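One chain follows as structure tokens, the form predicted on its own.
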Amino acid sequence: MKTARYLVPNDYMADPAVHVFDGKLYIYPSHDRESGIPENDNGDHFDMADYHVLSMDNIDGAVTDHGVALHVKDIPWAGRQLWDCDVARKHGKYYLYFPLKDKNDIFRIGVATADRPEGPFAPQPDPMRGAYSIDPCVLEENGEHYLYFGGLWGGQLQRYHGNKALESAALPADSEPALPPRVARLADNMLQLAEAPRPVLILGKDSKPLAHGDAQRRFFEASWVHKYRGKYYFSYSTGDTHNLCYATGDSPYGPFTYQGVLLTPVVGWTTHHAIVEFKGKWYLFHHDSVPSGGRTWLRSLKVVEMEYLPDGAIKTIEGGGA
């Protein structure tokens, strides 16, 4: 059994996106803080206001905090809540994709740019056209970049159908297909979408979409995509049932076939993660709320080595929660 390591014992950070740039690990987490807002299903207690960038030369070495890379006060269209982000590199420039509520309390996805992986990042004056909801994740494949996004409840994905905003939120019936995350190829300038977002279908072994009522397996939030032995692995959180699950497919667009649980529930309501290969081994970065005494909105970053089985399945990691 691999032992997880806490990375930033003196601060509360969560929702890690992790990449290797020039032989070094860079971690892009959200930054939890005491907000004084009671916990609710809309996530109003997650009142994060900035991003720090962390780096590591070795998985068991020191963690460098490069300080504030982007603050909500520097974003022209900002309302509140800088949630999970991700970063991509193209032609030596770094692009940070972030969800943020606008002044009408609607989540948009913005872009900020930097000349160094640690930032600081300068935001674009407006959010991306055509993107919505939360939890952006970027996959690079053969020089193209694909943006995945979406999250239920506080993430507002249930407010959209066919990429159009609904007059009122609508969740499927339990027997109907679950709401899928979205994916779209990014434009060459990395600042806009090159196409309309498509649904990312997650299928059972019977080739049918997972149902909304299949709460132990269906998508809720926290998209992450990586590639292993020619297969695309789409991993995600089931939200209110607290699993990290994964599905595999042959295209960045999917469909993806459900394979199993990657991480069982942790202490704390949310589960969010990144998967990365570093120096010949694979690692799962995630968080839990153990150091804060189980308070959902104060989470701490962790990393643990991940193992593949000979058939490409991922060995389930025990999260240690209820």
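Numbering starts at 1 and follows the sequence shown. Note that the structure is a prediction, hence the values are computed from the model and not measured.
Absent from the display: the form predicted in complex with a small molecule. The rest refers to it.
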{"property": "Interface membership of residue 26, the small molecule in the predicted complex, 4.5 Å heavy atom rule", "result": "no"}
{"property": "4.5 Å heavy atom contact, residue 285 to the small molecule in the predicted complex", "result": "no"}
{"property": "Interface membership of residue 83, the small molecule in the predicted complex, 4.5 Å heavy atom rule", "result": "yes"}
{"property": "Touches the small molecule in the predicted complex: residue 46 (any heavy atom, 4.5 Å)", "result": "yes"}
{"property": "One residue of 134, 183, 96, 202 in contact with the small molecule, assessed in the predicted complex (non-hydrogen atom, 4.5 angstroms)", "result": "134"}
{"property": "Stretch in contact, per heavy atom within 4.5 angstroms of the small molecule in the predicted complex, of 33-41, 270-278, 62-70, 250-258", "result": "270-278"}
